[in-house]
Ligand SMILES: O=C(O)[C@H](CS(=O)(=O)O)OP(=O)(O)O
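Have a look below at one chain only, the form predicted on its own, in structure tokens format.
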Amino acid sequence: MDHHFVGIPELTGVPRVAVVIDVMRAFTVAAWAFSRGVERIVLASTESEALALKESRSGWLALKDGAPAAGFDAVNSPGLLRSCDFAGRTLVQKTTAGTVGALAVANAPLVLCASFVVAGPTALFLQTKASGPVTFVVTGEGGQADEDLACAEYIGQSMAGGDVEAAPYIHRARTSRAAADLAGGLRSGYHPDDVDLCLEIDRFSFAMMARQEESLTVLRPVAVPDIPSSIR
């Protein structure tokens, strides 16, 4: 199937099915947040909007890229997030690339957000719910981030069925510039385990779907049946 792989600047029109990829780290973090009890994630376009949304709703939390900042409850790091208890909470997320990409295609009929930790469930969901080509939005480095492109290609190949070996795609991501920057401590709000956590294949058994809810773009986990061995 002839899927499309585009960067955010290349988006034109509204795709029928969009899968927004941010491996390091927005949609790895989102998956971890759901695993720690978050009920839903509201995607914000700016940090000021994120804080305004948090302040307007009792009990909401806010997360952003970079170093800890006043008003924000968490940073965009799976290593720092994995010990948190967010049971039943709503989290507002604003990042440099991932949330920007998701908001750019928010009006598409079907929007999934993905990374390696939910790659298999995402592929399976697309197998059962989507027909025709998928537009993969590669959010990092203007569409050139190899970790995001590798994840997108892995999901695309897995959709077709057959035995898809994850190792070559994970290797590409591990040797990407983003991984080197993270490992070298060049990004703020960093935990030493972040790279490894971002490269765990199918850590979680759900996909993540973004929908419009009362003028907000809201990401929620979607249960997916057991993943066949052919797409592990």
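Keep in mind it's a predicted model, so treat the numbers as computed, not measured. For every residue, the number given is its place in the sequence shown, counted from 1.
Quick note: we don't show the form predicted together with the ligand, though the next part is all about it.
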Because the test is whether 3 or more atoms of the ligand fall within 2.4 angstroms of backbone or C-beta atoms once its pose in the predicted bound form is superposed, the call for this site is open
Although the ligand is absent from this view, report whether V38 comes within 4.5 Å of it in the predicted bound form, heavy atoms only. no
Do M24 and the ligand come within 4.5 Å of each other in the predicted bound form, heavy atoms counted?
yes
Indicate whether S158 is a 4.5 Å heavy atom neighbour of the ligand in the predicted bound form. no
_When the contact criterion is heavy atoms within 4.5 Å, does R187 count as touching the ligand in the predicted bound form?_
yes
Given 123-131, 110-118, 158-166, 90-98, the stretch touching the ligand in the predicted bound form at heavy atoms within 4.5 Å is 90-98
In sequence order, the residues of 63-80 that place a heavy atom within 4.5 Å of the ligand in the predicted bound form are D65, N76
